[in-house]
Structures are given as structure tokens and as C-alpha cells.
Ligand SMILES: Nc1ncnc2c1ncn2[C@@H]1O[C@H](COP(=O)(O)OP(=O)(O)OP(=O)(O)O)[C@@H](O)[C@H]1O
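Single chain ahead, written as C-alpha cells, the form predicted on its own.
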Amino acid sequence: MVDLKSAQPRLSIIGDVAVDLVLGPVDGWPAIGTETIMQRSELRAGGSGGNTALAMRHLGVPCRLFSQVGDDTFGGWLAGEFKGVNAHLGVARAATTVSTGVIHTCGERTFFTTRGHLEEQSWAQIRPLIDQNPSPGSIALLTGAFLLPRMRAEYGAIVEELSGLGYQIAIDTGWPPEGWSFATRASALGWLSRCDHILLNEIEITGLAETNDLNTAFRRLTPLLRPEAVLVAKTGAKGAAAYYGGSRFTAAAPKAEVFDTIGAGDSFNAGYLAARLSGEGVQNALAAGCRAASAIIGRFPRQAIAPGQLSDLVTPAHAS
């Protein structure tokens, strides 16, 4: 088995980690003042950055994780969940952010998230830990921009600095809580225009492009990006699509029995980036992302996945 902590990682994840409590299913919504017994539950590390780092561990691919936890009991527990990951987790003077995800019988989710340490996370805390001379082809993945207000204010400078250090830049912004306002859209496009791998879901891409049609969104956004950039749309159970070099690529998601889809996009990011780091092109990387997402969200509880257990999902041979 690969020693994921000592192996030289070429992926640095800079973003959000939090505590996730996942439970369900629930049919409809309970009346106020009642109690509902849930059939399934799991308390686990989460956040977009945290989910991606754990998915990389499942795939047996080393990575570094740069984030923060709170200065409470949950913060200590959360830091301990990243065993086997080269994690650099500062401690913020705030309670740890907790997100409760309620799974509905229809397959949708409802989230309740507390304010907490994510609001205190800063680039000043993380920057001294970043390698000045990364290995050739190294990628820095930025996650959770809209949940990290102090970092968000510096995002343009962060992207520029990481690029100047020699990293390819991958980004998964997530959905802005305030929606795609004019100011939010302008800020995001400023970041994306300097990135190499843009990893958004279909709703985020169409919202950013002010359209309901994904093909129209691709046509509107790609002229605003670097010529060599890959624009990826994660399309849920359908799989994923990408636009690169004037061509459109698609990959179907393997069918899977799924109770909990939380973190599916983050697991896709891990599979896609692991494949790109191994030298695969866009088409094979999309397929690897879809395989990784389907395999990981098909497991419940996910804490039972051993490090490296899903390593064969990155290679194209797995699909043949």
C-alpha cells in the first residue's frame, strides 16, 4: 500500500473542511415539535476540500490539504479524521463549522450549516506552508470560495500567486449563498479566467452564464477563459461534460445504488485530478471522475473505505 503521508504529493488542496452529520431518509418535512427516528446516520469529516482530500485517500493518491479547524472538541476530532493525508490544519479562534445534511426519500438534500471557523480562515495562515518550487505539473485546487469570506476577499491575488509559483490552478467555487449577483459573477469570472481546470456543477455553470442551457453556458464562458483551460460541468447522475480546445467531451456516470450524494462533486474532482496528474487527457479524466464519484457515494458509511481501496478507478483500463 502507498504511504500517502510520506509520498511526494503533486496536488495541494486549499479550502474548507467542516464536520458533516448526514442522516435520513425523511419523507416530506416533520411538523414542528415532533420527533423523527432516522434509519441511517454518519458523523464524518466534510467540506469540499475535506471531501476531496478523503477521496484522494480512497484512490491511493497522495495530496496535501491546507485548511483550518475550530478550537473546540469538534475541531480536535475533525483534525484526527485526516489520518493518512498530509494535512496542515491551523486552529481558528471559533467554534468548528457543522453542517447537517438531511436526506429526503426523493433523493434531494436539505442542509443546515452553522457559522464558525470557516469565517476566520485566512490566506495569511496558509501561505507560509505552500511550496515555493512545486514538482513539475503540480496542481493547486481551490475549494469553498464562497464559504471563506476572508480568503474570498483575496482570491484574485491567491490565484495569481499560486500561478506565479508554478502551480496549475483548479477551482471549485461552489454555489454563492447570495446567488449570482452582478458583483459575484464579475469576481468569479476574474478568478476563473486565470485557472486551468474549472470544476463546477451544471447549475453553477448555467447560473454563472445566465442561461438554463449548458451548451449555451459553454459558448458564453469559454471565450472568457485561458485557451488551454478545461471547463468541466458535473451533471449529477448523468455524468460530466467538458469543453476544451474547441471540442466538447462527455462521460456517463456508472449506475450505483445511492443513499447519500453529499460530496459527489468533490469525489469527482479527486478522480478527475488524479487522472490528470497521472498523464490522462480530458476524456479519460472525466470518466475517472465519474467512476470515483459513483463508487464513493455508493458506500455508506464512507468511513469504511480503506486508504487506496479504490485505486484502480483512476486508470482507463478499469473501464475496459
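Everything numeric here is computed off the predicted structure, so don't read it as measured data. A residue's number is simply how far along the shown sequence it sits, counting from 1.
What follows is about the form predicted together with this ligand, which we do not show.
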### Task
Using a 4.5 Å heavy atom cut-off, indicate which stretch of 228-236, 209-217, 162-170, 113-121 touches this ligand in the predicted bound form.
228-236
### Task
Select from the listed residues Ala55, Ala274, Leu65, Cys290 the one whose heavy atoms reach within 4.5 Å of this ligand in the predicted bound form.
Cys290
### Query
Here the chain is shown alone; which of His88, Arg109, Arg194, Arg248 has a heavy atom within 4.5 Å of this ligand in the predicted bound form?
Arg109
#### Entry: 4.5 angstroms heavy atom contact with this ligand in the predicted bound form for Asn284
no
### Query
Is Ala256 a contact residue for this ligand in the predicted bound form, using a 4.5 Å heavy atom cut-off?
yes
### Task
Flag Gly49 as yes or no: does it have a non-hydrogen atom within 4.5 angstroms of any non-hydrogen atom of this ligand in the predicted bound form?
no
### Message
Can you work out whether Ile297 and this ligand are in contact in the predicted bound form, taking contact to mean some heavy atom pair no more than 4.5 Å apart?
### Response
yes
### Query
Taking this ligand in the predicted bound form, which residues of 265-288 have any heavy atom within 4.5 Å of it?
Gly265, Asp266, Phe268
